[in-house]
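There is one chain below, alone, in structure tokens, taken in the form predicted on its own.
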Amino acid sequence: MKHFVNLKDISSKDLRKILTDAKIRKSRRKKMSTLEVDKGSPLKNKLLIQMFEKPSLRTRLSFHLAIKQLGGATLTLRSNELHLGEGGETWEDTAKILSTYGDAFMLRTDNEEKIENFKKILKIPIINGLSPNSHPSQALSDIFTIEEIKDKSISKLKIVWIGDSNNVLNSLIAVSVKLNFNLYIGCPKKFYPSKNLLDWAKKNGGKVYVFSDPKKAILNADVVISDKVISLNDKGNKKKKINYFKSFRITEKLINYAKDDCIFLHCLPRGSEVEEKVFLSEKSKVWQQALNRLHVQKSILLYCFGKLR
């Protein structure tokens, strides 16, 4: 049994295994229908319990289909339907019930402590479907998409993030260390990634470079990644924050500083941080990126169950 909570805690070897397995599984589904089960039904009779404390479209759909295509089933819960929290049930009791009924638990939460508490108590694998500080499945899927399109190891590419420092970027920083690639970040100084994370990356041989000038960050980029500047977690002055990011908006003019064959990725939903002309351009691979969540999620599940090739 293995958990999938933070990419910092997963070995480079295992991350590469997940990516390799996802590539093989995707190639084998070219002529298969959506609900057709993969050969061998590797997770036959396994139940994935999902709980969402935050809105979700891509994560919800991809994990739902992932377990079904592997031969298992899924049950989706909402936190306000449980006794946990206002109902007064303890973490320990809830975890024991989940462990009794399910074979794996996927949690999308607004509280980092919940992930860690469940991880300590559960007798089944837990998967982080998104937390305030991490979005590991999204970041790993982005790597898969980049290597698929560019047809080369990510270690040979210049990867650029333009925008806010959030959970997706945190996971990209972690995976950049694990898979040894250059990550350039364009972000206002006020919104730089945490010093602790940058120090961890440096200590572990990471090649992470942060710029307050988006043009310097994006210069000669092979891949440009962004995310919504105003997220559901933002509680402060949103207009003021948007103003900070005005010069970091990904426009045609800004993306022209990247290589001619660069690609643009965005984990969605989008906001004003990207110009429509860029989002809908040939450089944009956001729909392929979104679909790839399914294939990578399947391999993440197999990793958690100890069934990767």
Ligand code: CP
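Numbering starts at 1 and follows the sequence shown. The structure presented is a predicted model; accordingly, all values stated were derived computationally and were not measured.
Just so it is clear, the following notes concern the form predicted in complex with ligand CP, a form of the same protein that is not shown.
Picking from 279-287, 245-253, 35-43, 49-57 the stretch near ligand CP in the predicted bound form, with a 4.5 Å limit on heavy atoms, gives 49-57. Interface membership of Gln138, defined by any non-hydrogen atom within 4.5 Å of ligand CP in the predicted bound form, is confirmed. Although the partner is absent here, Leu268 is a contact residue: one of its heavy atoms lies within 4.5 angstroms of ligand CP in the predicted bound form.
With a 4.5 Å cutoff on heavy atoms, Lys158 does not count as touching ligand CP in the predicted bound form; it lies far away. Residue contact with ligand CP in the predicted bound form: Arg108 places a heavy atom within 4.5 Å of it.
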